[in-house]
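So this first bit is one chain, no partners, the form predicted alone, shown in structure tokens.
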């Protein structure tokens, strides 16, 4: 089962992430009263890009994207996807560190290209990461303190018997704080700063073309999956559904239904994020940092204090 999990988890994450990319363009078009491209458009784009000629700017340019993709694939192996988690021994702190490999790899590739637009996009990307990493750390500390474990698998298992974290009073503020920083993690409006096309010509992706742009699109799809799935596992009980699936937990049907429930929860969270993306204009970088270090950080810090006092 572990071998199958190592194969299926990244593959399913890739399929879901690319589906979310296509769905987001379709939903945003309908909100804007347009028909929009087909949901399969990202797949068509990726196939087309792989068939185009690619220009490399050096070894670091090539290896940076590989590092970014490798980091995302490893993070996915630590995330429970339903009841499937190939690397169940990993902790939340390991996930937090590994999540930094994705922007670091993109930064190495874009920096090697020496394009001013890429440099501006990289600096904005790292500043934005610095903005949401502070409240994210408080959130993870609150969850680990409340459940007295660093294991994400164990946190999901406890929620299957005690109820979702988002419905628990000690972790309510932490859940709200995570939802407030989720658009920043996903890089959607109002935090669509690193790739602001009207200002810096696609930002870090300015020099990517052909297979490199295809790999960057795949990385973006995996990043969206990681950000949403982490929220679902931490605060919405992962695969659990109010105790309904517990009697068939160890059966094949239980595993399949658990994955379906998990993906439905992800879809709901993703659509809520799209509504935020459709309504709000883009922040400037200083506005984004000021916001992230104000309300989300305040909620996350108070949530941590509440958890410690209740504990």
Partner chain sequence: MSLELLIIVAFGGAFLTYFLGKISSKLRNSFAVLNALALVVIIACLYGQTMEKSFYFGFFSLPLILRNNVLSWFFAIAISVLGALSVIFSLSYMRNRERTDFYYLMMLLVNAAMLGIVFSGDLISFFIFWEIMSWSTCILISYNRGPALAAGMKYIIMSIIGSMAMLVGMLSLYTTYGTLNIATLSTLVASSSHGYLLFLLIIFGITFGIKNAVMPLHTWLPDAYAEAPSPFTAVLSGMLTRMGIYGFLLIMYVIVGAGATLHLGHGFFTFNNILAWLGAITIVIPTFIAMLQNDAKKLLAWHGIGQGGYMILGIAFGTSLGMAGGIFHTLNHAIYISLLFMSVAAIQYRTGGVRDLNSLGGLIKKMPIAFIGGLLGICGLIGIPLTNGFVSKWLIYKTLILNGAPFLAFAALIGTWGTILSVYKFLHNIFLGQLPEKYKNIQKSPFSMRLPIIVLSFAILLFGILPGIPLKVINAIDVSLGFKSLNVTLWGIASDSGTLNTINIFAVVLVFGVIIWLLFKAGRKAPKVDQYDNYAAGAAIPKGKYHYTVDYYNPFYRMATPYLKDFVDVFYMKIAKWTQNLCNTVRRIYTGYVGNYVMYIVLFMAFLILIQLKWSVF
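Keep in mind the model is a prediction, meaning the values are calculated, not measured. Residue numbers count along the first chain shown, from 1.
Not pictured, yet referred to below: the form predicted in complex with the partner chain.
With the partner omitted from this view, the residue of 272, 278, 264, 70 that lies near the partner chain in the predicted bound form is 70 [heavy atom within 4.5 Å].
Contact with the partner chain in the predicted bound form, judged by any heavy atom within 4.5 Å, is made by just one of 235, 225, 191, 212: 212. Stretch 124 to 132 is the contacting one of 227 to 235, 169 to 177, 124 to 132, 155 to 163, since its residues have non-hydrogen atoms within 4.5 Å of the partner chain in the predicted bound form.
Proximity of residue 111 to the partner chain in the predicted bound form: non-hydrogen atoms within 4.5 Å are present. The closest non-hydrogen atom of residue 310 lies beyond 4.5 Å of the partner chain in the predicted bound form.
By the criterion of a heavy atom within 4.5 Å, residue 66 is counted among the residues contacting the partner chain in the predicted bound form.
In the predicted bound form, at least one heavy atom of residue 285 sits within 4.5 Å of a heavy atom of the partner chain. Contacts with the partner chain in the predicted bound form, taken as any heavy atom within 4.5 Å, map within 145 to 173 to 145, 148, 149, 150.
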